[in-house]
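The form predicted alone is given below as one chain in structure tokens.
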Amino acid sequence: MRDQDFDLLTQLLKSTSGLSLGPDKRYLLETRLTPLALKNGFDGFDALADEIRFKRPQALIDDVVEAMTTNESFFFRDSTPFDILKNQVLPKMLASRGGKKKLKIWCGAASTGQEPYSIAMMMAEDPARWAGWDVQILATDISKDALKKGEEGSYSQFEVQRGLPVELMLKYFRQEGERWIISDDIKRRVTFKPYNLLDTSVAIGKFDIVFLRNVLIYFDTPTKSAVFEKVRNVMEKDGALFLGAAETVLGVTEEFRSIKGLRGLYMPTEYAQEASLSFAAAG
């Protein structure tokens, strides 16, 4: 791989998707984009890079971003955030929003849908508590292919076995050949929409709960900071933010603070101390 091609494509990926690749990821670029080059009729990686350098066709750029996007996901991934959501956050939301009975949840890196569907199934398991509530779950991702799969709600045996309890699989999925199809009831609870976390021009609403897990690890610090600022602007003042186990706000942003004893849970700074005391009192 030519140095100029590596520089071109890493700068392109950073500006369009936030993905930050260091020199040690040269192999990743080549292994993922060479098949894309051949598929599009180019002789190889160099020819694809030249096409982007001189013509910048948007469709090809979109394909490059798609090929480089990591869409690793599974149901109830790292069960701790879901336990905290169920046992700590949602009870408080029920109390504080009981008047309007409206709750908006955003999964900002939804990939192929396992995370938002996990939330939907968890809430469907407690129908009496949510009777009469307007609960909206928005699932967004930069990858249109991933979102399409999420909308279809069709998963392989391997995918439904990763983190999904057997009782929920049998209750909310039906088997069609080698695929497992999620029920229409759960599917209706989630809205899928393509969305770039770097895009500041598109309004997506205001949210009570935001899941933004396992995506910021691919961004550099300035990009993370910009995303946190954006997320804060679309959250209610007492909203809850869930990050991945390997992610943190320390040294990145002043917009959020962690909630002691509740791994992965963060809240807007101005409310975090009050929330920590409240969660501690609740036990």
Partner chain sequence: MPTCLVVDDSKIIRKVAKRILAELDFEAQEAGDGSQALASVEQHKPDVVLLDWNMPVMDGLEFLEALRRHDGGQPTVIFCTCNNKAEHIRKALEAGADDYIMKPFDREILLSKFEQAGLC
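Positions refer to the first chain, counted from 1. Treat the numbers as computed from the prediction; the structure is a model and nothing was measured.
There is another form of this protein, the form predicted in complex with its partner chain, and it is not shown here; the text below is about that form.
Enquirer: If you check T200, N87, S96, Q157 against its partner chain in the model of the complex, which one has a heavy atom within 4.5 Å?
Expert: Going through each option in turn, the one that passes is Q157.
Enquirer: Looking at R162, K193, K206, K148, which is the one with a non-hydrogen atom within 4.5 Å of its partner chain in the model of the complex?
Expert: Answer to the contact question: R162.
Enquirer: Mind telling me which stretch in 107-115, 87-95, 174-182, 140-148 gets its heavy atoms within 4.5 Å of its partner chain in the model of the complex?
Expert: The contacting stretch here is 174-182.
Enquirer: With the partner left out here, check for me: in the model of the complex, does some heavy atom of L212 sit within 4.5 Å of its partner chain?
Expert: Result no; L212 lies far from its partner chain in the model of the complex.
Enquirer: Do M122 and its partner chain share at least one heavy atom pair within 4.5 Å in the model of the complex?
Expert: Output for M122 is no: heavy atoms all beyond 4.5 Å of its partner chain.
Enquirer: Taking heavy atoms only, is A128 within 4.5 angstroms of its partner chain in the model of the complex?
Expert: Because no heavy atom of A128 falls inside 4.5 Å of its partner chain in the model of the complex, the answer is no.
Enquirer: Is M169 one of the residues lying within 4.5 Å of its partner chain in the model of the complex, judged by heavy atom distances?
Expert: Yes - in the model of the complex, heavy atoms of M169 and its partner chain come within 4.5 Å of each other.
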